[in-house]
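Okay, here we've got a single chain as C-alpha cells, the form predicted alone, with questions on binding and movement later.
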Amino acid sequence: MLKIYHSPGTRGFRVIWVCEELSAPYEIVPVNFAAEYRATPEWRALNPVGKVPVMVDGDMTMFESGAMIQYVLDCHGNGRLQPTKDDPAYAHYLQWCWFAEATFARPLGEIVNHRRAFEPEIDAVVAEMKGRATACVAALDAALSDRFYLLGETMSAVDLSICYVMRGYRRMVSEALPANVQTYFDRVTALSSYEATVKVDAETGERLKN
C-alpha cells in the first residue's frame, strides 16, 4: 500500500491522479502545509527541504513528485501510461515529463515563491514569469495541433502531469487557453480518475480542518 503525504493543491495531486488512473492502492496522510510544521524535525525527516508531497512504500521513502509518478508506473502500471523503451515515442515521453516540471511548472512556482517573499509583489518579476509560462502553453498548443495527446493517439502519464500544471496556469496566469490546449485539457480532465482525484484533494483539506 502506497502512503502519500499530501496537502491540498500541491504536487501530490498528480501522484494521486496516476494512482487513480491505474487503480493502484494508496492511502492519504494529510499534511499541515503551514511553514512552521514543514520546518519541524518531524517533517524534515521525511522531506529534508520541507516540501510536500512525500511517498512511502514499505521501507522506501521519496520526496520528488515526478519520481513518485515514475515509481508508481513501474511498480503498478503493467505497461500502462508509458511507452516501452524501444518505442519511438519513449524519447518524447521523457522530454515532456521533464518539460512539465523543469520548464512549465518552474515559472508558476517562482510566482508563488515571489508572492510569499515580497509584499507588495514586484509587477515586472511576476509578468516575466507569466510570460515564460505562456510560452510553454504556446509550445504545447503547437505540439497538439495534429494529435489528441502529447505522444499521439494514446494517453500517457505525461498528459496527467501537464494538465496538473495547467491547473496552476489557469489559476495564476489565465483561464483562456489556445484552442488545441483547451480541447486537450478538457479531454484529459474529463477522466473519471481526475474527478476522483479532485474529490480526494478536497477530502484531504476537510480532514485537515477537523
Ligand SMILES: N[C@@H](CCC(=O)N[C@@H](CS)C(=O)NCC(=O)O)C(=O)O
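The model shown is predicted, which means the values in this text are computed figures rather than measured ones. In this text, residue numbers run from 1 along the sequence as written.
What follows is about the form predicted together with this ligand, which we do not show.
Name the stretch, out of 146-154, 22-30, 178-186, 51-59, where some heavy atom lies within 4.5 Å of this ligand in the predicted complex.
-> This holds for exactly one stretch, 51-59.
Does each of H92, T103 and D159 have at least one heavy atom within 4.5 Å of this ligand in the predicted complex?
-> No, none of the three is in contact.
Is there a non-hydrogen atom of S193 within 4.5 angstroms of a non-hydrogen atom of this ligand in the predicted complex?
-> Judged by the heavy-atom cut-off of 4.5 Å, S193 is well away from this ligand in the predicted complex.
According to a 4.5 angstroms non-hydrogen atom cut-off, is Y164 in contact with this ligand in the predicted complex?
-> Yes, Y164 sits close enough to this ligand in the predicted complex that at least one of its heavy atoms falls within 4.5 Å.
Distance check, N113 to this ligand in the predicted complex, heavy atom within 4.5 Å | Because a heavy atom of N113 falls inside 4.5 Å of this ligand in the predicted complex, the answer is yes.
Residues of 7-27 having any heavy atom within 4.5 Å of this ligand in the predicted complex, listed in sequence order | T10, R11, R14 sit within 4.5 Å of the partner.
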